[in-house]
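Below you'll find only one chain, the form predicted alone, shown as structure tokens.
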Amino acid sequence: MRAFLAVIAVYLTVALALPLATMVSKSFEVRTFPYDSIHIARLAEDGSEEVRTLGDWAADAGFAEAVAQAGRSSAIPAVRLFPGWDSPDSTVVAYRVLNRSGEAGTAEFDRKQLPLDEWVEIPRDQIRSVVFRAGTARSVANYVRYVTTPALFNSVGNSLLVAILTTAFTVTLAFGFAYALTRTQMPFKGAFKTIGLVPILVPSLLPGIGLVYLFGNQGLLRDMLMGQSIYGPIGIVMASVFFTFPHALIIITVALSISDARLYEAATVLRAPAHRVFWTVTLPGARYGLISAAFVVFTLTITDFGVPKVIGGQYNVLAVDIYKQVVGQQNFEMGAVVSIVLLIPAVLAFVVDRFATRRQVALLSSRAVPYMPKPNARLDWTMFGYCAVVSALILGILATCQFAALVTFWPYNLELTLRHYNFDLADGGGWKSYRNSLTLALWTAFVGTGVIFLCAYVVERVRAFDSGRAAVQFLAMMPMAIPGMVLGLSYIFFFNSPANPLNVIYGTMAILVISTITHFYTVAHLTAVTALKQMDPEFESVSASLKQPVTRVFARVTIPVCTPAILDIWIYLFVNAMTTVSAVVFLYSPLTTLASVAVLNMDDAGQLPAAAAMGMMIFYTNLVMRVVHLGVGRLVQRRTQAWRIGS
């Protein structure tokens, strides 16, 4: 067990802690040239000599600060410092260069570093062989530049605005939906619950595409926006509400389901009106669930990359800024700075959510009586209408995407065709991307389920190595607060380093599997721990007294008892691996392009019908796997959970 615990700890350290530490270190790196320590003298024919520092010459050339601060160049050819640099200056006899060092960066002549504190004379015709190379210094200059650049810093306010608006709308809508499911006797509850969870099966890019078809420049319903554009905060909030709705629905439904019926009985005895019962019993009882749902939605929205990338237009948010800095400008250091900024609200939301969750558990009582709603025709049919409208909006967006993927040219030629499913003719990825996503999802599901369940078993069931188990538990909880974009960028810094022996996996399917498992580690870990807590801890003690090996108890007792949870972890990892974009968008290679990334690339290339078709393929794949999971789960339950049914 000690060895296995060490292996799990090493995995979490290599896959999570070290990449994040590398990224934080990278955010303080500043590329700088030895402006003050290099002196350059220009000797004229008349014997005069002009001596200036590298900084002075570079400033006159008009590019010193731009090159150094943008981090786009690692070298300055000396010949570019002087007027008429494209041809040798005939009035100059020679140049002399003095390297006093003291700053990051070097000066080279003919690919050899110039000696320190020694003037070196360079013939006029050989000045092209002198190159000043940038070095790396550590400072807060990147953060200062971020704060003082309005185009970048405004993203903080934009991200907070859309996240707050999305949270308000989503929690309100989800609360009404969950209330209808748990507190009424309306018909078709099962169908409405299934429809409410459908958005969790699609990549976050897809609702953005659907809204473009409905409210974009050629959209069928664009007049409903009364002249406002869907490309911007309106579109981001609408698509984010669709994307985050099932997450809030699950949490709030659980919160409303655990209410104590005795409180309602007391209210009835006291003849309290319905609205007073709602404000004094229902809402306070679900307050921690609402708080938890609010922070989950807030975190998902502020860290999401897919929605603002597709429908955000010129409205910058933090997640897209990371992508622009890394992919668009190759400015990895500034990308790291934006990632750190993005971590702050995500970590705060995570901490508050954990606090609220603990308080919610503390409110539960072993004597609580489950609440059973009574028929109320007026309330039941009102909530039925509400759920029908919300369900119609959810299905309407998906139906729009499916229809747009099947017509020849929206909205002018609505003749049906399958040509948009010929992904091999589209830019950004063909059917190979879809197959790669299936490969990633299967590897993530099988490997991740094994690793995560074994880790949870060690943390929960082993009664030794307390400090080691506490460290592993802490590392297992960290991924919930780490946005996918931040994790992906940290992997670039860590695994792409030639000094890292694990560099061989960079650009392969292996790094995509590791990053995806790590990104979704926490929820799967909590699922496994919850299942293990249901088992009596005396199993291991009894087996030890009978001198039975731990592996036998694990295989014959633990695995069968926890099989439903293991299947839930498997499908959770599979679905998220199919839909994830943010954690893999920096890590795929031409050989490992994924379906979700192909949707992004097709959207960038203006091939929206193909993007919608690929997004729907992801949805149908997840839907089929959900049905298979349901069937397998019922079969396994009958064979391994008879003791639960009997009880």
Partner chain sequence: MTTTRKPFRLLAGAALLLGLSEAAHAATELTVYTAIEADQLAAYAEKFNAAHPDIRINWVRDSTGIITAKLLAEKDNPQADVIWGLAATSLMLMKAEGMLEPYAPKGLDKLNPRFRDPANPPEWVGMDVWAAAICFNTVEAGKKGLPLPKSWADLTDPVYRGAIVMPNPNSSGTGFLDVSSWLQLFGEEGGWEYMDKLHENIGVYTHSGSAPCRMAGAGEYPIGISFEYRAARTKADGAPIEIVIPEEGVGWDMEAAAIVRGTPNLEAAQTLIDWAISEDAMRMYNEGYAIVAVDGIAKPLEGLPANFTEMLIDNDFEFAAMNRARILEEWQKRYDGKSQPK
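In this text, all values refer to a predicted model and were calculated from it rather than measured experimentally. Residue numbers count along the first chain shown, from 1.
Beyond the structure shown, there is the form predicted in complex with the partner chain, which is absent from this document and is the topic of what follows.
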Heavy atom within 4.5 Å of the partner chain in the predicted bound form: which of 427, 121, 110, 265?
427
Answer key, the partner chain contact in the predicted bound form at 4.5 Å (heavy atoms) among 446, 403, 409, 143: the residue is 409
Since the chain is shown here on its own, which stretch among 241-249, 310-318, 514-522, 553-561 would lie within 4.5 Å of the partner chain in the predicted bound form, judged by heavy atoms?
310-318
Heavy atom to heavy atom, is residue 133 within 4.5 Å of the partner chain in the predicted bound form?
yes
Tell me, yes or no, whether residue 49 is in contact with the partner chain in the predicted bound form, where a contact means a heavy atom of each within 4.5 Å.
no
The partner chain contact in the predicted bound form: residue 115, any heavy atom under 4.5 Å:
no
Look up in the predicted bound form whether residue 419 has a non-hydrogen atom within 4.5 angstroms of the partner chain, and give yes or no.
yes
Sequence-ordered residues of 597-612 touching the partner chain in the predicted bound form, heavy atom within 4.5 Å
604, 605, 606, 607
